[in-house]
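One chain is shown next in structure tokens, namely the form predicted alone.
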């Protein structure tokens, strides 16, 4: 009875049920998502191509904001479906978004993108209402992901989008006040829109998955609200979502934890805009780059860069010769090279220009990878060998941004400001930060776009 169990729990969830830890995690997840959406829209072509393709052709009255867009209402707003779609793409396109490490789901994108669009179009919606619905959606997609992990991911599904459409449906259903029966139908309509495969990592289509999940989940809730029917066992039936997309499921155990074990409290935030399994290597490479300069050695004299990592790293990020910035986000060779050469890994190191830089190409060719099952996915061993035989070594036990080594509040704000300042200017970025960190106190979420 997984569908009924999830719908019943979400329907009955109240703001008072949310612990201080959950509220804090929700706040961080929301403003991190907003920063990624604003920055991603401005500097990646995918969100703007999608907006230009859909806005005039398909859009209805402009009720909902495109977070990173500037200018007039005709440029910065769209109908709720397109706004959810574009913000979903923009929030994920830089691969800088939040990560639930147990499932590698990036949970905020599909849920928050759908919720904001609906809150603006169907409001007024208060901050507590918005956050309660947001948490319901996050818990839904992460519990669902745990239920089919790792088989679902290993076969090639993009788990953020396959679970994200259902999370968005639960969240929007909650915000619209649907009862349990109607939410079951919404879950079913969302489940049948399963979208996203790993083949498309490194292309614009990867972020399309998240935009489509937000859009599809929203549509599912709106259809269900108006009486559109689905299977009431859309998740657990023999030919339902759980059994079709995975050879293994354990929904009973994980759904039984709803409201007691909060997945949003396990959410983490990326310090580097690329595949999460590369972060330990980047962390180590940056530290060794700093050590190289401290010891007055030269990166020009590096003979080789040796990595010892979990085999999953090569499965997901084994691109040896990336040709674009998006492909580089899934190249452990590029990640190690820029970490060593630049001593940092920001969106600026994952551009087409840097990918084609000859110095970077030469360093990528010096990188070799040893796969080792004994190395956890959030760990790495990085060794630099110089032409004179000098070796520098670094073992990263837990990468920066992991649960054991999380970004601080100051680092999260710095990340937000760096992305948004380049897009909308420093003054507006500061106003946006103040607005999105204060969502819980708002009496109408629709005011937020006018605050920056």
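In this text, all values refer to a predicted model and were calculated from it rather than measured experimentally. Residue numbers count along the first chain shown, from 1.
What comes next is about the form predicted together with another copy of the chain, which is not displayed.
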property	result
Candidate stretches 364 to 372, 256 to 264, 134 to 142, 230 to 238, one within 4.5 Å of another copy of the chain in the predicted bound form by heavy atom	230 to 238
Site check 290, 390 and 396: each within 4.5 Å of another copy of the chain in the predicted bound form by heavy atom	no
The unique member of 119, 360, 382, 189 whose heavy atoms fall within 4.5 Å of another copy of the chain in the predicted bound form	189
Residue among 318, 311, 376, 156 with a heavy atom within 4.5 Å of another copy of the chain in the predicted bound form	156
Partner proximity in the predicted bound form: residue 274 to another copy of the chain, non-hydrogen atom cutoff 4.5 Å	no
In the predicted bound form, residue 203 touching another copy of the chain (heavy atom, 4.5 Å)	yes
4.5 Å heavy atom contact, residue 338 to another copy of the chain in the predicted bound form	no
Close approach of residue 322 to another copy of the chain in the predicted bound form, 4.5 Å, heavy atom	no
Residues within 4.5 Å of another copy of the chain in the predicted bound form, restricted to 180 to 210 and counted by heavy atom	188, 189, 191, 192, 193, 194, 195, 196, 197, 198, 199, 200, 203, 204, 205, 207, 208, 209
